[in-house]
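Below sits a lone chain in structure tokens, taken as the form predicted alone.
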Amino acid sequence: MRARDLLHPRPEGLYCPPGDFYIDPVRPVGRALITHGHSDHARSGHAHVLATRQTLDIMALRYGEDFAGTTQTAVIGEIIDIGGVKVSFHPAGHVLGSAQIAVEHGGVRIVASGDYKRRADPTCASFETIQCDVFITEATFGLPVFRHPDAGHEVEKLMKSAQQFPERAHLVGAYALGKAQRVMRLLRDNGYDRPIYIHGALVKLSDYYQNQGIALGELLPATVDRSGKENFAGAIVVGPPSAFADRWARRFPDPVSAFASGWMRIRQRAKQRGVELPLIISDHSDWDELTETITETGASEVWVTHGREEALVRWCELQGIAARPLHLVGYEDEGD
């Protein structure tokens, strides 16, 4: 069997004709296999969804219990037969519940990695390398300029700033699923034992992380009125990036604007967002990790999705690995 007969792109997403299913479809379909809970990969309205238990739970929290017609839990490492196609889910290290999906049929194995990172992260299971014939990789940070620093050191910058400016609140923009909880845990692992104040949009997901055994410490609501404004002096407040563009952020005392993202490597991006304290913390692999992962899979062919596709395709070609961009649409950088 040719790889493109096992999986190929369609307007709805990556489609497997033998199994009649899609991986991370961007439109409602009959059967969807979902890699993780970020909204650009996990959408509501499918007739049937197969995903890890944690991803299904996260989708229910974000979209409501009726986000799909029916659901099925994928157990990590367990093989499921779908129309004669062997399917298995493996840790991707991106966010809680995230998985790569291995698809095997007719002597061909393809691994769709979804979004993934290789750095240690106590808020989710670590990435697992799967040997395959074809590896489908993201390329969010697929340029040599992207080499992520140690996330712990970035959080130390935040803690040091909070100590230096005890009269100011530090507002950290972090995506609601994965990044926010990772920042909280990084603070705890680096010795920050004060309460962390969180925007209301983070409460449900942060509570779920804690219920899954991921200790985030004392979290308090970041609710402030004029009479209580000074109570947040010296506080660290975490919220979704969108919250910092509205009046909510201006309620805090002389706030220091911080943003946790791999894009903070680009100074112009930080400047455009008005970020005073950029924190280079990414939930995606950097250039070295992308290329190392491709090599480790032993894949003879690589398909590159959403991101800096051209550079990674060219690197593969120079290594003697067949590669092509998939040009999938509808995927953003929610979990960067």
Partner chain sequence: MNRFAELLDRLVLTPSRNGKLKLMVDYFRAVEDPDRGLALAAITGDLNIAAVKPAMLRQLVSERMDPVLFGYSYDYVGDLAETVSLVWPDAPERRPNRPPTLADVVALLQSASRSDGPKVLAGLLDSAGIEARYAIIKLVTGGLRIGVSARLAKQALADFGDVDVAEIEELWHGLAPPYLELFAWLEGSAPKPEKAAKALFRPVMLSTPVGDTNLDKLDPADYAAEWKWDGIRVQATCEAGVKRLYSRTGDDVSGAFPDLVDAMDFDASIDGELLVGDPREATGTFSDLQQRLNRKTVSAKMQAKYPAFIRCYDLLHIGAEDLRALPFAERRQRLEAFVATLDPSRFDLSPLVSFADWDELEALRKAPPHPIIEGVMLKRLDSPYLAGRPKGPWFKWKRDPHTVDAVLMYAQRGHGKRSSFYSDYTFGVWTGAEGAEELVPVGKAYFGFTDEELRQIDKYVRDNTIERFGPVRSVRADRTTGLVLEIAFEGLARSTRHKSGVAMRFPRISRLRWDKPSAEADRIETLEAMLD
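The shown structure was predicted, so the numbers you read here are calculated from the model rather than taken from an experiment. Numbering follows the first chain given and starts at 1.
Heads up, the form predicted in complex with the partner chain isn't pictured, but that's what we're talking about next.
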{"query": "Segment that reaches the partner chain in the predicted bound form - one of 194 to 202, 179 to 187, 98 to 106, 157 to 165, heavy atoms within 4.5 Å", "finding": "157 to 165"}
{"query": "Contact residue in the predicted bound form, from I76, I82, L143, A233 (heavy atom within 4.5 Å of the partner chain)", "finding": "L143"}
{"query": "The single option of V29, L56, I294, A270 touching the partner chain in the predicted bound form, heavy atom within 4.5 Å", "finding": "A270"}
{"query": "Within 4.5 Å of the partner chain in the predicted bound form, all of Y116, D133 and G173 (non-hydrogen atom)", "finding": "no"}
{"query": "Any non-hydrogen atom of W287 within 4.5 angstroms of the partner chain in the predicted bound form", "finding": "yes"}
{"query": "Partner contact for H90 in the predicted bound form: the partner chain, 4.5 angstroms, heavy atom", "finding": "no"}
{"query": "Distance check, A60 to the partner chain in the predicted bound form, heavy atom within 4.5 Å", "finding": "no"}
{"query": "R43: touches the partner chain in the predicted bound form, heavy atom cutoff 4.5 angstroms", "finding": "no"}
{"query": "Sequence-ordered residues of 243 to 259 touching the partner chain in the predicted bound form, heavy atom within 4.5 Å", "finding": "F244, A245, D246, R247, A249, R250, D254, P255"}
